[in-house]
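Shown here is one chain on its own, the form predicted on its own, set out as structure tokens.
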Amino acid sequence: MLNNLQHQKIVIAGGSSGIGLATAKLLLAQNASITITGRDQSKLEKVKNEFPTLKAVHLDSSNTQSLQKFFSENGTFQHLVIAVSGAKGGGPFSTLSLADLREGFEAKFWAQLQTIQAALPYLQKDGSITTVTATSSSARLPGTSGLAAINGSLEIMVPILAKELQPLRINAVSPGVIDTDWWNFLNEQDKKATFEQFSKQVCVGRIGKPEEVANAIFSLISNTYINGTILSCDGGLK
């Protein structure tokens, strides 16, 4: 059964850029009522200026009290998308900074779980939660053990939460290498070389686009018979 999203209230945590923003644009086109949150006020203002019907809220998803206040003021809603992340936790394990890995967990794993817990009292039971993880959870690529730990920890919880939270649905989209701001820790030359290398490992022969992941998220929100699922959107990364 497909869910008509017209006028439904949807919150996108981490919606001011990348996959979150692409999802907001797609859902706005479905005439849904969209609220995005983010930590970068300038990005939020830019999005708000471009899309006046969208509500943009400055919010740090790692702050439990701020999350509780936001959801209390936001009221009941149908769907939650969580695209919050961080850029730390990657690198060869022998030289991986465990302090950086802890920060990576704080920015993504703990931020996503705190967001879900804070939102639960206000999510309608016929609604959904969609979290954004990453293919590092299962790709077994050298240099991604820390990222695999973060994303794998989230993914392993999804089917269990689907049973605990029923009939509220929860799923995850697991993107591959996507051209977003997440890669901005690299300079342009290194980013280009990295993308070229990954393109050789992807069956479709190229890097993914945020809009393609947004389409996967839309599928999980709108299809009311998908629950407890990890949906890969990685172009066949091998």
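From a predicted model like this one, the values you see are computed outputs, not experimental measurements. The numbering used is simple: start at 1 and walk along the sequence shown.
The protein also exists as the form predicted together with a small molecule; that form is not presented, and the subsequent description refers to it.
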| property | result |
| --- | --- |
| Proximity of F51 to the small molecule in the predicted complex, heavy atoms at 4.5 Å | no |
| Contact label in the predicted complex: T144 to the small molecule, heavy atom within 4.5 Å | no |
| Any non-hydrogen atom of E212 within 4.5 angstroms of the small molecule in the predicted complex | no |
| Non-hydrogen atom contact R39 with the small molecule in the predicted complex at 4.5 angstroms | yes |
| The unique member of S33, S62, Q68, Q30 whose heavy atoms fall within 4.5 Å of the small molecule in the predicted complex | S62 |
| Complete contact of Q78, D126 and L220 with the small molecule in the predicted complex (any heavy atom, 4.5 Å) | no |
| The small molecule in the predicted complex: contacting segment from 118-126, 81-89, 94-102, 156-164, heavy atom within 4.5 Å | 81-89 |
